[in-house]
Ligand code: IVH
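In structure tokens, one chain follows: the form predicted alone.
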Amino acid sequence: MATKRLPIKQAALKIQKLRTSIKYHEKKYYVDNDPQISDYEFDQLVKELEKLEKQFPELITPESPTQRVGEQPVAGFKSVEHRTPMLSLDNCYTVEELREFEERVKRIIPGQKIEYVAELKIDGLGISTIYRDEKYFQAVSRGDGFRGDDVSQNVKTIRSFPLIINNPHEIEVRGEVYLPFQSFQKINEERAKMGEPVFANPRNAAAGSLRLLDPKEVASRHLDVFLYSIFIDGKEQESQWKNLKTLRELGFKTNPSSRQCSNLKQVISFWEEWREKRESLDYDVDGVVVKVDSTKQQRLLGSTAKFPRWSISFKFPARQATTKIKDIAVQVGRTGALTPVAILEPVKLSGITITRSTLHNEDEIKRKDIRVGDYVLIERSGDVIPKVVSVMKERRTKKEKKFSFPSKCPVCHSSTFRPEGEAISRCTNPSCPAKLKESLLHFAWRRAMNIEGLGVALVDQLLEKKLVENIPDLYSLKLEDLANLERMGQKSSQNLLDEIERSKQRDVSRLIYALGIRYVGERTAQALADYFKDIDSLAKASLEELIQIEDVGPKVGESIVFFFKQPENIELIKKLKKAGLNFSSMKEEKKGDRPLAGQIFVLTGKLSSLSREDAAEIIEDLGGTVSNSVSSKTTYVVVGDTPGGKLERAQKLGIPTLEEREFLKLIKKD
């Protein structure tokens, strides 16, 4: 029976709704690394849109999600064009769909014998790496399939990547960067301990790690890689199986489970085998990549605008289980974010006993109508904490209880605040025990109050011994308090006390930043200090007055007003004032030492003589402003090694640039 064709107006509305939904979930998955639906659910949205656009080709637009390949390159890295596109793969979920793939192949190249290579589909991040003159030269992320980010320094930290190969030709290898489960678990344990949000799954953790700006931190994540294709002087081998063999011969890491299959039946057997065995792996796989083996046949088959016709991803079923919600708890994170977590009856899933599941936020609980006592379907794809896919409402007994989100912080019982347009409520108390550790570290950071020596290990001890229960307690510490702590002798204790004492004289802009007011960064803190001159005036400011200041919009202004209205924060300010901290701007006293006043600088590339952070601090100390983006208001762009797109933009706008030597001369460091 034929499907009834929708009226074009109704179809247009449905198409727009699907595009909006897909765009949202693409951003959550690829940009924010915070997926809100499963891969299967996302694929169904795309398939539905493709079906409608096929029926109504006149409604297809260049901006439609079906007209592009994948994720956008991330800002902050140099953008590089791929020599040949890194296309994404079409997906199938059943044996019948896989057979349809083979039928399409046979229609294009009839009468030819088709052999395949089956490879486990690693849930990671696509990468292309170039070797020149037998040496590692460049690595570029997949990006949108046509352009990616230059992540050479970060990929270089992956120890399974050889830095020298025994082949004088130009070599390009492609593969998938991934995070082993063991590393993933360790990273999330550390993030949870620090009060930071955990990564949703190893793929998101790998993507987040590869985008870090500090290669040392990337190295600590212990990323790994499997390579699957090789181009020698732009040419592939005669078959995919030969590609893998050549890669191994040159010392590259390939997946040992890959298999050459003489027919589709063997491919299906491989898929069935690994559907059962995937739990034994130390990395996440979500299916099998099926490739026509012959490179000649691949060329004959070609590609659509989005997918190669000679390859398809045969997905595994999602890992799911049914269990009961025993209770709903609310956790408080580093920024004071209140996150609901379902406490579950223990259930085995992917070889792990699951007892907790994230519920994301209050709106998610209401949207899915999740209640204590409900039976729920949970899903896990390498996640430390799985998610609730759906509620089994037909199993309700009328004993289930609706959950009321707390209006007070469950840890310190202070009031909470949910900004308009946001889904997350936050504790307003900066001294909340759940927030205190990170608040102390932020307060002591060198760009804030610059208390050298007050690091993570020492803060942990101060909190454990209850020597510090709020930020002002730092200014009441005594020598005997510190000298009895682990690795803290008389000398180091006195040094720390001296640092704490010196911090009292920091400029008020640093104190404003150190308070941790939401949305108030260093630049905004400086603007507030310039305008109000002292903390007391800032604390009394109205929203109308605040939004007159550059860098302060309604959202930031509301956050500032709210901060200074909270009793806990009023008490915090009183205690800091009593401790003798500087509450007034010292800028007037330093007028003669501010030769860069009114000038805006943008930094790009790596400087050899000092870090970008140090350079920014010097500029600001001399009265200048550091911006992250180039505009017509920019005074200079300071250019180091391997500059990014900011240099190109500066050249287009005619903004003057300074090489490192010129910059050092300007700040009188040369």
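For every residue, the number given is its place in the sequence shown, counted from 1. None of the values given here were measured: they were computed from a predicted structure.
Unshown form predicted together with this ligand; subsequent notes refer to it.
Chemist: Could you work out which of Met449, Val468, Leu120, Leu338 is the residue within 4.5 angstroms of this ligand in the predicted complex, going by heavy atoms?
Modeler: Checking each option against this ligand in the predicted complex, the one that comes within 4.5 Å is Leu120.
Chemist: Could you tell me which one of Val459, Val289, Val411, Leu250 places a heavy atom within 4.5 Å of this ligand in the predicted complex?
Modeler: If I apply the 4.5 Å criterion carefully, the residue I get is Val289.
Chemist: Answer with yes or no whether Leu89 is in contact with this ligand in the predicted complex, where contact means some heavy atom within 4.5 Å.
Modeler: Yes, Leu89 sits close enough to this ligand in the predicted complex that at least one of its heavy atoms falls within 4.5 Å.
Chemist: May I ask you to state whether Glu176 is within 4.5 Å of this ligand in the predicted complex, using heavy atom distances?
Modeler: Glu176: yes, in contact with this ligand in the predicted complex.
Chemist: Quick one: does Gly126 come within 4.5 Å of this ligand in the predicted complex, counting heavy atoms only?
Modeler: Gly126: contacts this ligand in the predicted complex.
Chemist: Can you tell me whether Gly516 touches this ligand? I mean in the predicted complex, with a 4.5 angstroms heavy atom cut-off.
Modeler: Outside the cut-off, so no.
Chemist: Looking at heavy atoms inside 4.5 Å, which stretch does this ligand contact in the predicted complex, given the options 157-165, 363-371, 321-329, 307-315?
Modeler: Result of the contact check: 307-315.
Chemist: Which of the residues spanning 221-235 lie within 4.5 Å of this ligand in the predicted complex, based on heavy atoms?
Modeler: Read in sequence order, the lone residue that approaches this ligand (within 4.5 Å, in the predicted complex) is Tyr228.
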